[in-house]
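Given as structure tokens, the chain that follows is alone and in the form predicted alone.
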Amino acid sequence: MAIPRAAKTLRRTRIQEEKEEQILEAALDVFSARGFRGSTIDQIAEVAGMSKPNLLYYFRTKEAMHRALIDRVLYTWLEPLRAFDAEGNPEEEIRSYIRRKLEMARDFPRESRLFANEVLQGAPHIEDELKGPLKELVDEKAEVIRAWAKSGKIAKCDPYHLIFSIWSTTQHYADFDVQVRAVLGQEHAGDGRFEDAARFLEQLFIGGLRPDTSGT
């Protein structure tokens, strides 16, 4: 995990912590809009409202700021999947996962776009995490889904593509927010669109995963 330069001092003051957060907030604005390659330290300093030398006291490089943000995003983004409970009711677990992912799309759109930009550029800074901890977690939850299907609690499905599909349909509301609001129009583009999306996605996924009990 990236450690801010100021954090390496023996005592971190409240002001130091506030400055680091101010810089990271500005960096999130810039990286999420421009991607890593299109962003500069000067742009981040301008958004943060501080001089470049002052910013570099806290974070020596653009990479250090980006790494700190990516570490946060990965932890936050995977928390709903970690909460996927093998002992829970499959329908309730899937419903909860869909809703938590939509809540994150609503509450953390910049973080979602930051992650999407990183992946679109070939994931140069997080390839190890994708092939390591992320893959291990998805493998673990794929086995949970397989076990539910094997026991007849849900219909048979490819667990990886189920997870990918939930990711893509929920994160769409963050990454393509401008398009969603434009197409829905002013009348339907308020925060209620997330509840509308949740109801539809629950119907789509949960309805599609209900086992056939007709005996045919």
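Note that residue numbering begins at 1 and tracks the sequence as displayed. Given the structure is predicted, the values throughout are model-derived calculations rather than measurements.
Note that the form predicted together with another copy of the chain isn't included here; everything after this is about it.
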Practice prompt. Kindly indicate whether Asn117, Gly122 and Leu130 are, all three, within 4.5 angstroms of another copy of the chain in the predicted bound form, using heavy atoms.
Written response: yes
Worksheet item: Using heavy atoms and a 4.5 Å limit, would one call Gly185 a contact residue for another copy of the chain in the predicted bound form?
Response: yes
Worksheet item: Taking heavy atoms and a 4.5 Å cut-off, does Asp158 contact another copy of the chain in the predicted bound form?
Response: yes
Worksheet item: How about His172: is it within 4.5 Å of another copy of the chain in the predicted bound form, going by heavy atoms?
Response: yes
Worksheet item: Is Val138 a contact residue for another copy of the chain in the predicted bound form, using a 4.5 Å heavy atom cut-off?
Response: yes
Practice prompt. Sort through Gly49, Gly152, Gly38, Pro53 and report the residue having a heavy atom within 4.5 Å of another copy of the chain in the predicted bound form.
Written response: Gly38
Worksheet, complete the sentence: With the partner omitted here, the residue among Ala189, Ala33, Ala147, Ala64 that in the predicted bound form has a heavy atom within 4.5 Å of another copy of the chain is Ala33
Discussion item. Using a 4.5 Å cut-off on any heavy atom, which residues of 186-207 would contact another copy of the chain in the predicted bound form?
Written reply: Arg193, Asp196, Ala197, Phe200, Leu201, Gln203, Leu204, Phe205, Gly207
